[in-house]
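Only one chain is given next, in structure tokens, and it is the form predicted alone.
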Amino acid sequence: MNPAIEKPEVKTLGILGNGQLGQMLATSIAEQTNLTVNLYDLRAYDETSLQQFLNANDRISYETENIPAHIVIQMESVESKVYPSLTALKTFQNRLTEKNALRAAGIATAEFHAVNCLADIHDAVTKLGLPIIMKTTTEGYDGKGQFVLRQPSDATAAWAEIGNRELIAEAFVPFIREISVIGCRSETGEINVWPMTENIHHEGILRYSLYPAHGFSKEKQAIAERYIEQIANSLDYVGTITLELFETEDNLIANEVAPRVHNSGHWSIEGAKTSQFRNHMLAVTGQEITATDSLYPAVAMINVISDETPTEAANGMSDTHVHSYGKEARPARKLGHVTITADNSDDRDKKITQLEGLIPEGVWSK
């Protein structure tokens, strides 16, 4: 995009989705009184109200890529004012188009195979070997819509559980750990990248993220930063974008892309010079993005899952920040998060140990 071309000032921004991500996006830029942020509840969708919302705002963004197809089609009527673009949204809504986009941008991924019937699963086993991860191509998150196939006889069970729709089979990656890299790209093509975090999952759900990722080499950090720049530039992307990576002995393998702010970047609210939320809002409203450096030598973000009671242990703890999303408790639901900032990793880890009630037994290890 040519930075010399001036565009009208953005006075209203509409965000599709009013969950915790939409709320944190709006809060991040609340002091900009010349900008009105409006949230649309996708659960209360009807065609007329959505069209009025799309027409009424200068620009449109979204808090999640899991937007139903009929709404995406309706968004095409205002395609020029959707940021990140509809092309990016459609690309990352589908794991097959996502993998192809990553490969086209020069980013390493696991080997994969498209699956549309039971016979395709047997073909995938022949092509990829075992084990393989079967996933729905759309709408899966937090481990939903997945099946680990460990032997050929599992094929029928996999198709019965998540089949009868388009799937992707992915070769298993023998990884050391999971890392995420989050960047933000402005309209003028400037890209700022946050420090990498190590992410620990349990039962498919992110439980906590740590910065710094212990022992993460400068060489691999450079690869991760290059990857996020390559995928963002390849799509002329505007806004915050997240790339989840598997770290192997000698490389980083792309797992998934989120065309939005990401759970593993929530630490940036208190822990970075500019949060992932604020830079996203600056970018999608045509403003300059700002620095993403960490403010502290060590940071942790712990998700609050199913029950907020364990957050009471954080009361009175210094440099500990509790965020509640105001949601009704239910199993496996993200109800909030706790961010810990510290002068070093040892102090950070001591505080995490004091909050072990937030983490399932056996999942936290120093």
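In this text, all values refer to a predicted model and were calculated from it rather than measured experimentally. Start at 1 with the first residue shown and count on from there.
The protein also exists as the form predicted together with adenosine monophosphate (AMP); that form is not presented, and the subsequent description refers to it.
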- Message: When the contact criterion is heavy atoms within 4.5 Å, does residue 221 count as touching adenosine monophosphate (AMP) in the model of the complex?
- Response: no
- Going by a heavy atom distance of 4.5 Å, is residue 296 a contact of adenosine monophosphate (AMP) in the model of the complex? no
- Query: Looking at the partner-bound form in the model of the complex, is residue 255 within 4.5 Å of adenosine monophosphate (AMP) by any heavy atom?
  - Reply: yes
- Query: With a 4.5 Å heavy atom cut-off, would you call residue 75 a contact of adenosine monophosphate (AMP) in the model of the complex?
  - Reply: no
- Of the options 154, 120, 178, 187, which one has a non-hydrogen atom that comes within 4.5 Å of adenosine monophosphate (AMP) in the model of the complex? 178
- Message: Counting any non-hydrogen atom inside 4.5 Å, which residue from 86, 101, 171, 193 sits next to adenosine monophosphate (AMP) in the model of the complex?
- Response: 171
- Would you confirm whether the three residues 15, 23 and 60 all fall within 4.5 Å of adenosine monophosphate (AMP) in the model of the complex, going by non-hydrogen atoms? no
- Want to guess which of 231-239, 273-281, 131-139, 77-85 is within 4.5 Å of adenosine monophosphate (AMP) in the model of the complex, heavy atoms only? 131-139
- in the model of the complex: members of 91-116 within 4.5 Å of adenosine monophosphate (AMP), any heavy atom: 95, 110
